[in-house]
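This document starts with one chain, in the form predicted on its own, laid out as structure tokens.
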């Protein structure tokens, strides 16, 4: 292949968490892929907190792994602390979380991309797109070299006209020390794609040796860590070695040599410093037009919105094994540098702390996601896909799962195959994408368990089982892993069948599980199964009644989800449909009646009319 003259099948613009998953997914499906990054030394950079997972986010990472993505493995082998959140609650809402070594995470992911067959990594900033006959056919770069492709995936993160704020100070860039993509937005506007502004932020970083840990609460990792990747269905050598090339990837045995995080709190003095300087904050001083994340508020927001609270919780988290840099989780701000120092010195343990990097806010362009189809292809420009923060989301995990779906679908588009569309009852990825394309977002979208109406089905241990049909149909996993998952599913069924068939006195083992007997012990007949099989079987047995109720609800909703709407359908032609509703439906272009029913302003009467129209 001539690198400059022959077109690629897929070009991925951006190599953050969405871009990495998109590029790997497409290349692993056998199509020629190019990933362009303005700086290949910051591939998979953890611009904010060097942590993966958390409530609902942890489940997303396990779903990414079940669909052949890289984030879970990369987290496990570069993780420095693992904790299972909500461990005291039911398994459906338990979520794994890991603190990672920031440099090791990025280094390993970059190496994975470099070693991937069918994938070319190249450093250049995308300055514009190339269109022909209403389709995207390539992109222009800052080095005056054009690249052509059959499909293009946009994963630009916060770099589209990125502008950083520290008080009144402004610097162009998508993150501290990096560039701003200033001209690419013009290409989207030229193609009729609407853009709006969002804002996010990051806390200061501190020098660890200047922190006084003596009076702080230590937070250790779990003794028995919950990992993200499904190690029981993959070959362990895949974690560190690429056998055919003799390469060794960065990382260590998952869960070993965990480090501690530390807990502290803001003080009354902190509140006074913030409130007295609110007018100097970029957000409160009117310097920022973009909307910030409601569920990850700045410290200014916390003291304004929760004025009745005497203090706010902060976590001091190490950025890696081989650095003394600490991240202050919970202290995001856009206050001036001098005010940041005063604020930090008012916090217990940080009285003498030295700043390594100031906190800042960044605002950037995003394309409201109602402009893309459920498979993440643009409604305005054929062969153009969007994933990550450009779709209005916040978080590495939300970005990565979109990148995976966009990369798979770009490859499928090249092949002429039907797209991968995950449903709301499949998992959190399906919920996230459906929320974006049907409801849009006016603030950075973050996933929570409460967003999923079928969350009882989404315990993190079941991700492989839930995503298996898609992984097998689209060949997203190696044949050896597909076989192992099939064996695992069979073992789970066998384990459940045994518990339902065998008794202890008048009760079956399944009944004993559901009665929550405090002295219950796993019967020795099942100890031959793996822990992963036993855990999933126990979950399905214990919550059997609830899970059946959930599936009944899913079956009821399938009627409207299965009624497809033709692409480009004109709803103004439907008799009896109000014009206001028809115009809104024309704007959103839902793929089926289920999506149409979730659009704000579309009521049950409208759905009844549409059901008659599309069922006839």
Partner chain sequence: MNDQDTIVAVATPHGESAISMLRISGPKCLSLVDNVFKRKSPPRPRRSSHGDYISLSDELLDDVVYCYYQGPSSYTGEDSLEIMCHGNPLIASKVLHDLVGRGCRQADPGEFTQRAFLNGRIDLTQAEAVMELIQARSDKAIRVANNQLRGAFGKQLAVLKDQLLSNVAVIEAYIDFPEEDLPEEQKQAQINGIQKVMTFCSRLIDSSKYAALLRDGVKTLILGEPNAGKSSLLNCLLGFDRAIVSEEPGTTRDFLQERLILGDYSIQLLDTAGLREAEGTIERQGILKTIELAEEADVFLLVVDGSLPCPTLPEEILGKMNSENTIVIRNKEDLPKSEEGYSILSGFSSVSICAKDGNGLEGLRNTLFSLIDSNFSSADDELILINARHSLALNELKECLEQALAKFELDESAELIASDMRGAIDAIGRILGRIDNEDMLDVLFSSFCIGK
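Keep in mind that this is a model prediction, so the values were computed, not measured. Positions refer to the first chain, counted from 1.
This next part talks about the form predicted together with the partner chain, which is not shown.
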note = Here the chain appears without its partner; judged in the predicted complex, the stretch of 399 to 407, 306 to 314, 369 to 377, 190 to 198 with heavy atoms within 4.5 Å of the partner chain is 306 to 314
key: Non-hydrogen atom within 4.5 angstroms of the partner chain in the predicted complex for each of 91, 516 and 556   = yes
inquiry  = Just to be sure I understand the contacts: of 511, 329, 258, 348, which is the one whose heavy atoms reach within 4.5 angstroms of the partner chain in the predicted complex?
reply    = 329
message = Can you work out which of 141, 339, 465, 219 has a heavy atom no more than 4.5 Å from the partner chain in the predicted complex?
response = 219
message = Can you tell me whether residue 148 touches the partner chain? I mean in the predicted complex, with a 4.5 angstroms heavy atom cut-off.
response = no
message = How about residue 578 - does it come within 4.5 Å of the partner chain in the predicted complex, if we only consider non-hydrogen atoms?
response = yes
task = Indicate whether the partner chain has at least one heavy atom within 4.5 Å of a heavy atom of residue 606 in the predicted complex.
result = yes
query = Taking heavy atoms only, is residue 452 within 4.5 angstroms of the partner chain in the predicted complex?
reply = yes
